[in-house]
Structures are given as structure tokens and as C-alpha cells.
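Before any questions on binding or motion, here is one chain by itself as C-alpha cells, the form predicted on its own.
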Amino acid sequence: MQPDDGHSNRMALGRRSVLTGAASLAGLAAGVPGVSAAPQGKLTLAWHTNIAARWLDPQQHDGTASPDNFLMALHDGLIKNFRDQLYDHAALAERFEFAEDARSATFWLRPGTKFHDGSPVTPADVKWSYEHYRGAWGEVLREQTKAVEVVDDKTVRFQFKDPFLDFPILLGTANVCGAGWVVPAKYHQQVGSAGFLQKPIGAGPYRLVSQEPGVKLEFEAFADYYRPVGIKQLTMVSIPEAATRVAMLERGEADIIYFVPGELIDRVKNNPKLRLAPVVSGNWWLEFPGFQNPSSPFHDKRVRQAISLAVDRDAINNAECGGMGVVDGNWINNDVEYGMEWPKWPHDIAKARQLMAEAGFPNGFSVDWVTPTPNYYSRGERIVSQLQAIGIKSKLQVMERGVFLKRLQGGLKEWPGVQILFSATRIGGTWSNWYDSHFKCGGFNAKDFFCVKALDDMFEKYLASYDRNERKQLAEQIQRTMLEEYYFVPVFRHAFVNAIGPRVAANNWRDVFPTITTGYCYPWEDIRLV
């Protein structure tokens, strides 16, 4: 399995950072057979949910992991997470400097980079993309940025109002923020947001040739990309049914599939032509929208603690991931900056029932819906079943991934009544990306769900601090409070079990899934066929 934290977090914060991209070409597909200078063949990915159109536009990044699968093929950023580099791989920028006082950052564009329509990538495009960005973390970026200056025809400089330690991490982490992902400014203004979604133009290794909205994307290798691209044609097709995805892999109709559920793992494992890719990825947790309201049954800490005690985490890991996930204690991964280790939570039905009785619910209560992150519905069913042991009666709610994320961003009005969300994410960079998006009052995927003022005040102090020791202490204090108060109930860090067909060139599955901050198989340009 891919190690959880086998790479040090080489944060370039509060010091000068100068990076170049030459080294990234040296080891291209090292040890992988079938490497050729010219793109060869066609590869099909069976994507496991619907494909939301907004994931094709970095300007509309929703702060979750889903968009980066598509951004990494179609677009490119100034810097980005790449293999074992957490956020600072030089991409459209051949190098950058982050000032010692964290008040500015300067990027020098790689010479000769082009968009798919042949127009050059310019500092003006960088400036426009950043200033017009309206996705996750956009508000923080606007508040912190004093000016974006086009220095010359290859250089752009960001000036900040105060020391902005998190800027490189935000800019370069594809599953957090899209502000550093550059779109052609004139074209985007010409066609507008709706037109751009119909025919997006990027600067990535693949250009979009055609799409069936929500269903299929057809890409072609971009001849002018600055790195060699291995495969000529790339198709991403939405196949929500897991058995259909596995059957496509068996028949050679797909070459890579995402998400093999627990009941199908042995079927893939026992096929000598196929290969499992059990990427240890994001954490899963239970959350209780509106628990601050005294009328909510979740307002009582003892109820939230009882739910934690009722969850059999090992059983979920074994059934859903073949035991290949990690039963940890935090809802934030331990491989990001300041992500804390936390002991495994106990499973104790007797104590859970006692706490429910003490809280005034000896016979339990009803929950309108338990909604898991799509398309992991069987995991939600296990939660529904396990909570019955303490008298909590509920129903499973299913919906498309894009709809689920939009409803998260709509706040409590989208989740009326008594609700439990079984959420998950895989965000790179730093713990603050998780808190800001999923818990902070007004957060992109939290809105008015929780609003614990004392923690939000500490978080604002964290963001304003330039002292790394103080930041670490505040980060750990916030996480500790969330866990001790059961504001979230962590479940486990799942293995995102994927599978690879025989036509993909790889000595082992990590050749296809090398980037440590994601469960997806980019860099797309490095994948080859035998």
C-alpha cells in the first residue's frame, strides 16, 4: 500500500524558495516499459460518479478532491502537487521565489508554454485567472492580496497585505484551490463561464476534443505541452455502477477504473490479468449539521460520543476496503502540515446505550437521513445498521456527487430536519485546508452547519500568525477540541481501491498512482500503454 506519511512535508514557508522544473523530466516513467517519445494508443478511465461540468473550469473549484482528476489532464498551474512534491512542483512557472517575510511571491513563466488554441500563456493570463477566481479559498485570497503585478512578459509578482504563509500551499494544491490554474483570459471573457464549460481551453497535457455533458470526455494529447505525453487519446467515462466498471475492465473496455467496492475486491484480485491499486487516501467522518441548535438531538455531547462508540470501524474497513484502509483517530490526514495523530476510537455498545439514556434518549430517536459521500452508498448503509444498536433509526439518502457538493455549499437550508452526513475528502497541503472548507462558519463546504465561534476565532488567529510554533499550537488545539467534543466523529482512512487493466505499462500499481496527495492516477502525461 502507498505509505500514509512516508514523505517529509517540505514546507517552503517563511523562507526563500527557488524551484526549477528540469529535474521533473529526468526520471520520466523510469523503469516503466513501453515508453515512447510520441503519444501512442487510447486509454479509457471509468470514473465512479457523474461528471460535473464545473470540474472542467478551475475558476469554479469547489474545494474537494474531485476536480483535480480533470484539472490535471486539461489544465496546468503555476506550481502543483506532483508525485512526492506536495505543492511546489514547477509547472507553468519554471521557478518561483517566496519572500523571506512571506509578503510577496514572484513567478517566472516557463518559456514557450501555450494554451490549446495556440495562444501563449502570459503573466496577464495569470493575473486575470487569479483576480477573477471565485471558487474555494477565493475570499481568503482576495482579502490577503494587495496587488498582482505583471513585471514583464514572463514574470508576475503577488503582493500581500500581511505575511501570507499559506499562499504557496493554496496556489499549488490541485484538490484545494484553483486560483493558480491558468486559463486564457481573453477566451474566458469572450465565451463566459457557461461557454467555457461547453468548450474549455487549458494548457495541460490533454486538450478536450468532445464531451457528452455529465457522461463522457474525449481528450487528445497536446503536441505543444512542455513534457512528453504518453498516450494519444484519453477517454473519461462516467460509470456509477461498480459491477459495470469491473466488467468493463475485464472485457478490456476500460484500462483504469476508480473505486472497487468491498464485495468486488476478490473478483479483481483473483483475475491474473488485472491489478488492484489500494491507494490509502482520504479520511471518512460523521458530521451533524446544526448540532449547535439546542433543539437538535446532537446538541448533547453524550449523543455524539454514543454514536462514536456505536461505530465498528474495523468492520467497516474490512467490509468496504478489504482491510486495506487505516483505522486512525483524526478526521484530518496525518500527512499534511499540522495534521495530528490521534488514538483509535473504542467500540463499546453498552457504554453507548448508557450515554444515550443519560442524554434523555433511552429508546433512541429518528434521523431523517444518513447521506454518504456519493457513490459510497454501502458505507452509509453500514452506518444506518450500526446505529440501530443504540436506537437511532434512519434512512439512507443517495444522490449524484455533483448534487451532493452543491447542497453542501448551500448550507442548512439544503439539509432540513435531523441529518447525519458521512463525509470524506482527500485534501493536500495543510490541515487548515480541511478546517476552512469543512468546519469553519462560512466555509465553502460547511456554510452555517456548525459555527463554533471559539474555534473559528482561534482559526482566524492561526491564519494571521507568522510564528510557526504558535501556528502549530493553535492547529493542534483546534483539532484536539474538535475530537474531544465529538464535533466530528472520525471513522477511518479508507483505501481508495482502484484497478488497472493489462494494457497499462507498469511494474507495480504505484507507477500509475504515484502522487502522494491524491487517490487519482495523475500525472496523466506519464501513463503509457504496453
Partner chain sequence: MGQFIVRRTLYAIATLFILSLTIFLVVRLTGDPVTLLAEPGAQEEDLAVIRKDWGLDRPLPVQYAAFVKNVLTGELGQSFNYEMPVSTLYFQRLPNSLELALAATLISFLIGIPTGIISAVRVNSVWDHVGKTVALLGLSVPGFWLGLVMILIFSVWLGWLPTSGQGGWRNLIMPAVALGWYFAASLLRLTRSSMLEVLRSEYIKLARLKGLPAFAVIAVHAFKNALIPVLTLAGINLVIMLNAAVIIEVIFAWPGIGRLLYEGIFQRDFPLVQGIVMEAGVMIVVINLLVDILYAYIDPRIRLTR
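Numbering follows the first chain given and starts at 1. Only a predicted model underlies this, so the values are computations on that prediction, with no experimental measurement involved.
The form predicted together with its partner chain is left out here; the points below concern that form.
Chemist: In the predicted complex, does each of 303, 339 and 479 have a heavy atom within 4.5 Å of its partner chain?
Modeler: No, the candidate spot makes no contact with its partner chain.
Chemist: Quick one: from 385, 363, 210, 244, grab the residue that has a heavy atom within 4.5 Å of its partner chain in the predicted complex.
Modeler: By the 4.5 Å criterion, the partner-contacting residue is 244.
Chemist: Can you pick out, from 463, 53, 474, 505, the residue that has a heavy atom within 4.5 Å of its partner chain in the predicted complex?
Modeler: Going through each option in turn, the one that passes is 53.
Chemist: Is residue 297 a contact residue for its partner chain in the predicted complex, using a 4.5 Å heavy atom cut-off?
Modeler: Taking the distances in the predicted complex, the answer for residue 297 is no, it never comes within 4.5 Å of its partner chain.
Chemist: Can you tell me whether residue 58 touches its partner chain? I mean in the predicted complex, with a 4.5 angstroms heavy atom cut-off.
Modeler: Outside the cut-off, so no.
Chemist: Although its partner chain is absent from this view, report whether residue 218 comes within 4.5 Å of it in the predicted complex, heavy atoms only.
Modeler: Outside the cut-off, so no.
Chemist: Could you tell me if residue 343 has a non-hydrogen atom within 4.5 Å of its partner chain in the predicted complex?
Modeler: No, residue 343 sits far enough from its partner chain in the predicted complex that none of its heavy atoms falls within 4.5 Å.
Chemist: Counting only non-hydrogen atoms, choose the one of 247 to 255, 152 to 160, 107 to 115, 385 to 393 that falls within 4.5 Å of its partner chain in the predicted complex.
Modeler: Result for this chain: 247 to 255.
Chemist: In the predicted complex, which residues of 332 to 370 put a heavy atom within 4.5 Å of its partner chain?
Modeler: Sequence-ordered list is empty.
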